[in-house]
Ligand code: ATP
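Only one chain comes next, encoded as structure tokens, the form predicted on its own.
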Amino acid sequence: MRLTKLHVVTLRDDPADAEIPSHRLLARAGYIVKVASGLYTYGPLMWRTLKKISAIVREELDREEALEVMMPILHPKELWTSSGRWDRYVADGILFTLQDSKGGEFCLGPTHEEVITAYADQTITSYKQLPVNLYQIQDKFRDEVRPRYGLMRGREFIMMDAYSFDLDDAGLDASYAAMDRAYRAVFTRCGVDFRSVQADAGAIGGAGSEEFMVIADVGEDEILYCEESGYAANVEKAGSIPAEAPASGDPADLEKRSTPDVKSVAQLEEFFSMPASAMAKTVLYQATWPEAEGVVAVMMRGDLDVNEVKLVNALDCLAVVLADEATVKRVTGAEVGFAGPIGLAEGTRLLADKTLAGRTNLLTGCNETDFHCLNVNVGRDCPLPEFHDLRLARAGEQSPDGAGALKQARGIEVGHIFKLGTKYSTAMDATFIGEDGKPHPFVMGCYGIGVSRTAQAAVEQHHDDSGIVWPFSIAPFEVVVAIVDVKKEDQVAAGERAYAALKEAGIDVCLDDRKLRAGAKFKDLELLGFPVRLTAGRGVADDLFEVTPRESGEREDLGYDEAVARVIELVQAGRK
């Protein structure tokens, strides 16, 4: 492929809205062009990379005997209401909804659990047809409130989504393991440094869930991991063993103390000369369910914080938000900063983190402005709360298995696998006839890979001050043959000769035959990031070519035969 025919358009400056290196570089190099917020056109070079990632995904999924299909992007509301997810996604504000000319309600698919479950119900009738794993690679749509970071958080993106159907949990375990193998192979072949972590299932639902994270400082997801045990989890899911709280002793008499303008945990520590771990702060939330709303109060040890994702799961609700000042006053009868578990308004649901189970003589708010209570004992002074794991794990705490301290890193989620169980098949009455002659719900798993996000995540990991440094496996081209001066016949002839020889050797090579000054051409090629450059310049008069790996930048001056052989050697090593 000749770059004069490839519509390569690079920019001198970074786009104003590009906040992270990968977004800046992809935009400057012309790989992506913004159409609107969160919407991009993929240029010819970017499309080559996306096709290579898609090919890797297909090869690894096909290796695990998954079958490719294609489903509609437009979904009728009825499918989504049958699973119970329409309200959840509308509440989350990420569903593109629309009406057709007949007034029917539809959405643009952010994911395809409903469509594939309906398909399985229509086409799989007997246990003899199972197991089946179906996948597609297709555009997805999510109405992100704040699209940012280019392809990292866009409103339209390319995703592989797969769905397994099994007889039972043992079959699901096997399908899940197969996809786990496939994912590890995909991301290894794409040349990214990744880590798999335990994760929350979120709006997808189901039991088991694992995310695949590309490690990067700009990642929007925070992960906690233990080097000693190998434990790793998204912070939304992570557990830990926090520092011990001081012994609380036998229940003592309740005491009410005046605490004028003492509201924060830090102020209480100083006022009472008491560690935060001996306190229980009470945080009020407004919770939303499909057909109801309500206020819930959460008791949390004073030195710890509420994990709102865990709270949503404990409540089995759509969403929670911190209660506003008016709601706090209505439910507690006090100003913000004095909430406690004693005397909450009738109907207020009370939850507590498990670290408070069995604790006595807590310091809490009194639900009275400028007062706190000492020696609060739940079950005696206030209703016994529901105990759940509601705590946000933190770096420095012990991993759940006690093997070592948790460390923190940031990651870009590029893949996610879920054990759905019968969540969708039961809700949608999707069944097969079992060996016993009776109908049984499908046991399902679902699996997603962000194809376009993986491309940008690779750039986030592989770049330098000059531009992109593509891994060989997903680079638009493995090698560029650069003709320094296209007006010089000997340089053109030498470049054409090397280009033809590399194509003949099976190398994915392009020829830079553009009429650019040498400095501008080399700067452009560094920005574009092809892994190897073979340069035909003035040295060709003496049969010399320059071989320059993009990553190291170390130039070798070699004769023609040696240069071609060296390029092939570099490519073969890079492919491994």
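Just so it is clear, the structure is predicted and the values come from calculations on it, not from any experiment. Heads up: residue numbers just count along the shown sequence, starting at 1.
There is another form of the same protein, the form predicted in complex with this ligand; it is not shown, and what comes next is about it.
Taking non-hydrogen atoms only, Y225 never approaches this ligand to within 4.5 angstroms in the model of the complex. Interface residue remark: F157 is counted as part of the site for this ligand in the model of the complex, having a heavy atom within 4.5 Å.
Not displayed here, this ligand is kept clear of M299 by more than 4.5 Å at the level of heavy atoms in the model of the complex. Contact annotation for P476: none of its heavy atoms lies within 4.5 Å of this ligand in the model of the complex.
Of the stretches 465-473, 366-374, 320-328, 444-452, only 444-452 has residues with a heavy atom within 4.5 Å of this ligand in the model of the complex. This chain lacks the partner; the member of V414, L420, A393, V192 within 4.5 angstroms of this ligand in the model of the complex by a non-hydrogen atom is V414. Interface residue among E144, D139, D381, D92, judged by heavy atoms within 4.5 Å of this ligand in the model of the complex: E144.
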